[in-house]
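Form predicted on its own, single chain, as C-alpha cells, below.
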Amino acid sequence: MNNIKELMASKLPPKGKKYLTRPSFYFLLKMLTAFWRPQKDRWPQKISFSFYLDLLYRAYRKKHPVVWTNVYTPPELIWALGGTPFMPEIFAAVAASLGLAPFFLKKAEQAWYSSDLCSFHRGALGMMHSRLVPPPDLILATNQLCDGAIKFLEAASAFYRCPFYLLHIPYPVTSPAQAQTWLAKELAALVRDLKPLLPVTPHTINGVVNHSNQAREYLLAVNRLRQQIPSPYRGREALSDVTMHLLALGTTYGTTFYHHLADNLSERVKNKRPVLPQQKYRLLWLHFRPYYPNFLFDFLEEHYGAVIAFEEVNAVTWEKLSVADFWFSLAAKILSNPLWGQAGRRAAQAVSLARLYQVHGVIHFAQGGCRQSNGGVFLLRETLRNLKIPFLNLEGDCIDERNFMAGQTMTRLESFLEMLEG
C-alpha cells in the first residue's frame, strides 16, 4: 500500500504508469490471489478481489470490447453483449478506499473541472487524465440516475474519441407497462446498432441470465438473514460489497460471492455470532458511504452500539430475468429501481425497509453534488417524521475527504443517537 501511495506522490513516472496498465500485472495478482486461503468468513472478500483483478485484466488485455457506463446500468446488458463493463465511478470509490482519491481529484481540478461536480465523477475524471484506467472502445450512458454521469461520460467520449450512446430511461409514472415496452424496444434497437462491435448471442444471454438469477436468489437469502436481531453483518461491509451487484451480476463471480456470503451469514445466525456483541440501535442507511478511511462506523458501533442493519442500495427490487424475453425483463429490472422516478417511490421503500429491519432510526448520507439524491431529502424527512421514524440527513462526501467535517459529523451523530435514547 505504501509503495502505491509513494508512486502516486511522485506523480506517476512513465514506468509506473506502464506497470499499472499492463494486463500481465493483474494476471500475476490473480495468480497470487489463488494461493490466498483466508478464514471462511473472509472468502467473499477474496472472491470480490479476484473479480476486480479479472475485470482489469480483461479490460487492459482488450480481447473483449471495453464498455464504460454509469452506476445502475445493469451489468447483465454488457456481459450479454460480450463486452467488459467498466464503471469509473466504482473505481473512484476503490481509489478513495486506498487513500488515493486526493491525487485524482487534484488532477481533475488541474484540468479545470469544477469542485462543485460530484466527487465520484471528479475522481474518475482525474483517473482518466492520469491515463490510469482502461480506455473504452465505446461508452454507453443511461440517464438513470443523474445528469452529471451523462456529461462526464460524454466528456470521456470526446477524450478517447470513441462512440457514445445514451440510453433514455422513461419515468415509470403514469403507465409503467407502457414505459417497460418502450424501453425494451429501445434496448433491442441499441443492440442492433452495437452488433458490429458487440455481437450478442443466445448462448451468452442464457449464461448471463442464469448467473444473474442465481445470484439474485442468494442475495435475497442474505437480505432475509440480515433481518435477524442481533445483526449478523456489518453495514460498512455491505456498503462496500454493493459494487458486486452493480457490476458482477451475470457472472460466475457474482453467483459465487453471494453464495458464500449467504452461507457465512447463515452460520453466524445459527451459532449466534453477531458482528457486534452489544447492539443497542439498528439503523437504516440511505445512499452510499464515505469510502476513504474515516471514524464514522467505528464511532457508531463502539460508542453507541449502533449497527447499520440495512442499506437501501442493497435491496432487491427486480424480478428474475427471462431468457425467452431478455430485453423486456431487463427493462423491468431497470424501471424497478425506486431511486428513479418520483421521489415518493424512494420514500415508500425507506418506510418499508425501516419496518422490515425493525430499525430505530434512518441516516441519509448526503453526498455533496448529488442533486438527484439530495433533492428528495425533504420528502424523505417528512414521510418518516409522520410515521415517527427518527431521521438524520448527514452532509458529507463519499470520495473527497477534504469535505468530511469530522467535528460537525460527530456532533450531529451524537445528537441523533441521544435523541434515540430519549
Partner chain sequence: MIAAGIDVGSNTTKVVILKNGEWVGDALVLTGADNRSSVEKALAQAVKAAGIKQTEITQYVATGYGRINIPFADRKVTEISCHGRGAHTVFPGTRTVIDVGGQDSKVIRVDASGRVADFIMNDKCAAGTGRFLEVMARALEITLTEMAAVAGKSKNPVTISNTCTVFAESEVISYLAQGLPKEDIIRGLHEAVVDRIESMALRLGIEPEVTMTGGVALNTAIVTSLSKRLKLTILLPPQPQLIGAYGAALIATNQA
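Numbering follows the first chain given and starts at 1. This one's a predicted model, so the numbers in the text were calculated from it and none came from an experiment.
Absent from the display: the form predicted together with its partner chain. The rest refers to it.
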property: Heavy atom distance at most 4.5 Å to its partner chain in the predicted bound form, all of 204, 210 and 217; result: no
property: Contact label in the predicted bound form: residue 54 to its partner chain, heavy atom within 4.5 Å; result: no
property: 4.5 Å heavy atom contact, residue 24 to its partner chain in the predicted bound form; result: no
property: 4.5 Å heavy atom contact, residue 30 and its partner chain in the predicted bound form; result: no
property: Partner contact for residue 20 in the predicted bound form: its partner chain, 4.5 angstroms, heavy atom; result: no
property: Its partner chain in the predicted bound form: contacting segment from 349 to 357, 391 to 399, 39 to 47, 57 to 65, heavy atom within 4.5 Å; result: 391 to 399
property: Residues of 387 to 416 having any heavy atom within 4.5 Å of its partner chain in the predicted bound form, listed in sequence order; result: 392, 395, 403, 405, 408, 410, 411, 412, 414, 415, 416
